[in-house]
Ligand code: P53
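Let's start with one chain on its own, the form predicted on its own, as structure tokens.
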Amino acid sequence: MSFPSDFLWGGAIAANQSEGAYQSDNKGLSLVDILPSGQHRIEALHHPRKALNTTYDYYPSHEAIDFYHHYPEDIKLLAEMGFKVFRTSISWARIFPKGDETTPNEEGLRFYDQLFDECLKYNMELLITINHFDTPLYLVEHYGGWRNRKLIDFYLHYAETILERYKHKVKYWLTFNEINMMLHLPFFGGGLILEEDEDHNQVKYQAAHHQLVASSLAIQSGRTINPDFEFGCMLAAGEIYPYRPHPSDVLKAQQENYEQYMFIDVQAKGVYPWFTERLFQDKNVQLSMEKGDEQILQENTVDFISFSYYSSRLTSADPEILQNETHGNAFSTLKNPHLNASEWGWQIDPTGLRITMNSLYDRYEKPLFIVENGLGAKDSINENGTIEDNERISYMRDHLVQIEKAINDGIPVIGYTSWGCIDIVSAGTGEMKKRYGFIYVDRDNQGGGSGQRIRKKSFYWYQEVIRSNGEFK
């Protein structure tokens, strides 16, 4: 058994990391539009009030790679690779500039009409994320972000608007990107500005509940608009291993895995899992639910499980051992002595992808969709004008081998969309030098450069992978 004949090969980007044109055609500001780059960005993500009150020299999202104006040539390049599916997101602030309006911005809707038509011209399926870390800034400043239950209604109006508009163009939908990121980067995940004197756990879990209800209501409406829609949840995944075979470490890893799956349990099974009663008690969380919430969650579960996978993680119950945790990305982890790491400290564990896939399918028994995976690395143009990104090819080859093995394990997999298929602004650092794409974009960390698109060596490699349906690796 190999990759299914209808396997969806493709790639993924996000509106806020690619489009630029941050105020074009009546677009409003999203929370990403106030974030700078480099160390300032990392600080701003954890202290967003400072970002609101600071004027920085450079904002990466304002221009990004200008996908807004370059999408015809970019989609043509993706089609040249043979993409069967393209994942991107819709910018909420393009459709409703403030987020709480009644009437949508027609110019924003028209842009996505044109973008989606360009993809369909090449027989490319669309996988669209409704909210990918870009809640309108107005909703953050005037309503407190997702801590406020009113955002359920605003999100639902936005979701119904685009579900109706694109009902004959888009089949696959994701309601929220990496919904568990609410616990790790709450400004990204929920537009939350946490105050020192409030209970952070209470605010984060309550905001997450609002998103879960909103997700279910969007699915409910979507199935009325077009019964052929397929809806997925989206998890920032990565199996958490025990550092030692000591039972206390094994238990700690098990508990942390439970916590990362909690939101997906709700979206896939329709109920909060059994362990949340103890979890909320330990964290002093008192979840407020309105009448009907439980029924809404139970009756509107997802069709498939989508997730991002970049690395596994490692934990211990020993406080002294935990002092050695690293922070290569949004998740802290101990260094695994059996793994190499990327330039940004992300530990490379292809087998961990197969382990994660087995855990997800064992838990949910729903088809999987790998919607983010890839290697962020520095790329350089050689004297002959080529880009030899062999490390990226090796990384992706090793992960595709493990996906194939997971399929042989008996897991149904819809498709694979590599992250940042064309170079985009890094979400975590705002840098351009951290590149994931098959296509190089001539932009630097300060927004300089020609914007020229150049095919990397991985472009031709992935082209052959798709052409051979995964036989060429």
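Not measured: the values here are computed from a predicted model. Sequential numbering from 1, following the sequence displayed.
What comes next is about the form predicted together with this ligand, which does not appear here.
Using a 4.5 Å cutoff between non-hydrogen atoms, Tyr436 counts as a contact of this ligand in the predicted bound form. Contact between Asp389 and this ligand in the predicted bound form is not found at the 4.5 Å heavy atom cutoff. Although the partner is absent here, His132 sits close enough that one of its heavy atoms falls within 4.5 Å of this ligand in the predicted bound form. Contact between Tyr68 and this ligand in the predicted bound form is not found at the 4.5 Å heavy atom cutoff.
Proximity to this ligand in the predicted bound form, defined as a heavy atom within 4.5 Å, holds among Ala341, Val250, Ile321, Ala330 only for Ala330. When you look in the predicted bound form, the only residue of Met181, Ala207, Ile370, Val85 with a non-hydrogen atom within 4.5 Å of this ligand is Met181. Comparing 173-181, 102-110, 150-158, 220-228 against this ligand in the predicted bound form, the single stretch with non-hydrogen atoms within 4.5 angstroms of it is 173-181. Using a 4.5 Å cut-off on any heavy atom, the residues of 424-444 that reach this ligand in the predicted bound form are, in sequence order, Ser426, Ala427, Gly428, Thr429, Lys434, Tyr436.
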